[in-house]
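Below you will find one chain, with nothing else, as structure tokens; this is the form predicted alone, and questions on how it binds or moves follow later.
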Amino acid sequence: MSILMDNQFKELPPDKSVDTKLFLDAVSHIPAFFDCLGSKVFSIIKSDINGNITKIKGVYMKDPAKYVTLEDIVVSEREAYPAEWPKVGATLALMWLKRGLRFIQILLQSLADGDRDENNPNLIRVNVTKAYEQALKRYHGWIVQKVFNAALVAAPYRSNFLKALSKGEEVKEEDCLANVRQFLVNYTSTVDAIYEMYGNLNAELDYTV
């Protein structure tokens, strides 16, 4: 089984609320995804995601009965810290986390859609570049962008990446991509729901690091 399929996200209820515990259980396995990209430069995103998960979990564990959904946490922090919000606590951590999750979503969707560099079909640079430019670049300052440009050049071969996703097993490309598409169903709806929640609460910020 693949890294993705071993830890799938749960289907959301009709109201699109994201259960905090289920989300944290699923997202805790996401950092391992960046090991599949090979380059140590991607460890920056991995570390960032790990740190943000830890911050959100720390808030949740203080009162699990109160913070049943992610929106419960964000709304509670808005009431507790009106002057600092949304640049505070789990609200800020989830804001950055969702951007990292969107990066993964766009990268995987690009692979599943068959986006390729016709001159270098076994490279995933075009997929990683698309994901970075759409999900993260606008939030990164010049220096951080330069770091990631180096990472894009060092992106692994497509075949090696898909093999890493399959935990080193020899799996047919179409079977691996079928797993990717299946994983993306609930994953994408979860990420979309978090973005929609931030939009509804006017909690989105456009500042860079």
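Since the structure is predicted, the reported quantities are computational estimates derived from the model, not experimental observations. All residue numbers are counted from 1 along the displayed sequence.
Not pictured, yet referred to below: the form predicted together with a small molecule.
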query: 4.5 angstroms heavy atom contact with the small molecule in the predicted complex for N52; finding: yes
query: Contact flag, K66 vs the small molecule in the predicted complex, heavy atom cut 4.5 Å; finding: no
query: Proximity of L165 to the small molecule in the predicted complex, heavy atoms at 4.5 Å; finding: yes
query: Close approach of H140 to the small molecule in the predicted complex, 4.5 Å, heavy atom; finding: yes
query: In the predicted complex, the residue from A155, C176, L70, V59 that sits within 4.5 Å of the small molecule by heavy atoms; finding: A155
